[in-house]
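Given as structure tokens, the chain that follows is alone and in the form predicted on its own.
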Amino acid sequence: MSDFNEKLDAWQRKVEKAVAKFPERKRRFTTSSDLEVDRLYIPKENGEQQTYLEKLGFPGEYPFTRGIQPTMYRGRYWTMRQYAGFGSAEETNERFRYLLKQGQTGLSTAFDLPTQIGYDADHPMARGEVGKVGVSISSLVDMETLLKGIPLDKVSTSMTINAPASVLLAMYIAVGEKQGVSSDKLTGTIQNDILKEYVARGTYIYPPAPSMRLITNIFEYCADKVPNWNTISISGYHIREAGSTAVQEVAFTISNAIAYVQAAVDAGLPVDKFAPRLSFFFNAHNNFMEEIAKFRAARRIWAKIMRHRFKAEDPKSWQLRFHTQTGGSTLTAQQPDNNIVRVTIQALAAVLGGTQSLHTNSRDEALALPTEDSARIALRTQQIIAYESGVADTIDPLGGSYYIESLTDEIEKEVMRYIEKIDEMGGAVTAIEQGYMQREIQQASYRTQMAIESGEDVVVGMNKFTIENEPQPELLRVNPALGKIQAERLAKLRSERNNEEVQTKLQALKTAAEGQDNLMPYILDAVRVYATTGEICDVMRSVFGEYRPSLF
């Protein structure tokens, strides 16, 4: 028997075991003409089979080009995780409940800018921004309200939070305790990716070294106490939104991931102890085939890096698991209904690329936060792809396409060229400090903008096929009095809590921050006695200082 056939037989035995334990969605998959749909399509020619084993492999096996699970969506669809958060915790809780009722399978939380940079709602820096781009969370009281009535042992929650990720995770754990759900039962993700904040978004607080300490503290704490939690979602999404190309998105994201893994290894953590809980977050744009190839290439590159560079031995450490969000920057304020079509193309690319979870943007997001109707249409887009299109009925349906395989190879080659250059510079942190990634992204963004302005790149409804006197859609408006309301709630909290106990816990955190202890237990203690987001972050600001970017 050939090597290919031996490996195919071994894979099929593995699949049979998996299916016996977790049956596929249907006993038989067919097209609308009742033609049988196989689980997997593979090359028949001997000459192609060796290349297949080296570059693609079988689903659920190294190098995971065709996906990280042996049956992919034939077993279970991706998690449909719509990003929601605006105004107060009560309003966002209501939106969460609505989306779950409509068939969403996981929560994804957006926080407002004051929360993202560790300021309470009553801080002068928060004025005019409370609840604007996400929900305002200043204390455990807000988090309790946000998650009221949502069973944390059944629903997975993703939180898009970076600089104060440790504080928001501690609040989530504390809410779980109040629900009677121990931390080892909690499932979800914190973004916790500070390097991309220095590159692309700007919602950082501390300099890189203490930021990396907080991240590795979370890796270590969760490995023991919150084992089912994804401790980081290394994000290319915001790099792409800042104007990068698809190749740069993968290259800079994986370079940042290498820096996180190296920092954790340098801190003494065994790689296989934390690596299985690393996750990624990518963007999906309109160039359909390139996006599909990008996801496949990213999986293969990460598998090779973890296996050969970091000597990880657990196959779960080699897997690149990722969430995808459709491209917010591709949406247009003009003719907003066109955005439904863009989102459909992008979501389909993510599914054909093998994403583990997906957020589809709403049609009105170039104008405001999504209305309830727009959020529902965005969720329905995923549901139509899942339940009506048939693309989830076989694994990696475009695998073997000459074009998709060539693009996958080309993207891998170009990504590795960037990673090697960043390695030569001393790694991602050095490359960021020298402004290298930022310059590359700005140059790519400039080229794209010039192509749009010249008409070389067509954006339907914006620089071609425009219409006059467009009707204005109904938009969601955040209560302008929310800042005052949140400030009054904070004053009430501070008057009712045990402030002596709060000061004791904050002092313990300060002492720990000045030393080398893992900070997570101290942050959790402070959260439990209702120390606020701003108070906890201020303690760490007093020890770590604040990051001030150099001009480049």
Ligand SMILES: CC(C)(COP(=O)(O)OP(=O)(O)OC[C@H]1O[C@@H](n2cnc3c(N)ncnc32)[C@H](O)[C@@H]1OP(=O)(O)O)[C@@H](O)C(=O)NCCC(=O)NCCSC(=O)CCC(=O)O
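One-based numbering along the sequence shown. Not measured: the values here are computed from a predicted model.
The following text describes the form predicted in complex with the named molecule, which does not appear among the structures shown.
The site is open: after superposition of the local C-alphas, no atom of the named molecule, taken in the predicted bound form, comes within 2.4 Å of this form's backbone or C-beta atoms.
For the chain shown alone, Y237 is a contact residue for the named molecule in the predicted bound form, at least one non-hydrogen atom being within 4.5 angstroms. Mapping the unseen interface onto this chain, H323 counts among the residues with a heavy atom inside 4.5 Å of the named molecule in the predicted bound form. Although the partner is absent from this view, Y172 stays clear of the named molecule in the predicted bound form, with no non-hydrogen atom inside 4.5 angstroms. Proximity of S88 to the named molecule in the predicted bound form falls outside the 4.5 Å heavy atom cutoff.
Listed residues V343, M143, M72, L186 were compared with the named molecule in the predicted bound form; M72 is the one with a heavy atom within 4.5 Å. Just one of R95, H123, R277, R213 comes within 4.5 Å of the named molecule in the predicted bound form, counting any heavy atom, and that one is R277. Partner proximity in the predicted bound form, defined as non-hydrogen atoms within 4.5 angstroms of the named molecule, places exactly one of 250 to 258, 459 to 467, 314 to 322, 263 to 271 at the interface: 314 to 322. In the predicted bound form, the residues of 142 to 170 lying within 4.5 Å of the named molecule by at least one heavy atom are, in order, S156, S158, T160.
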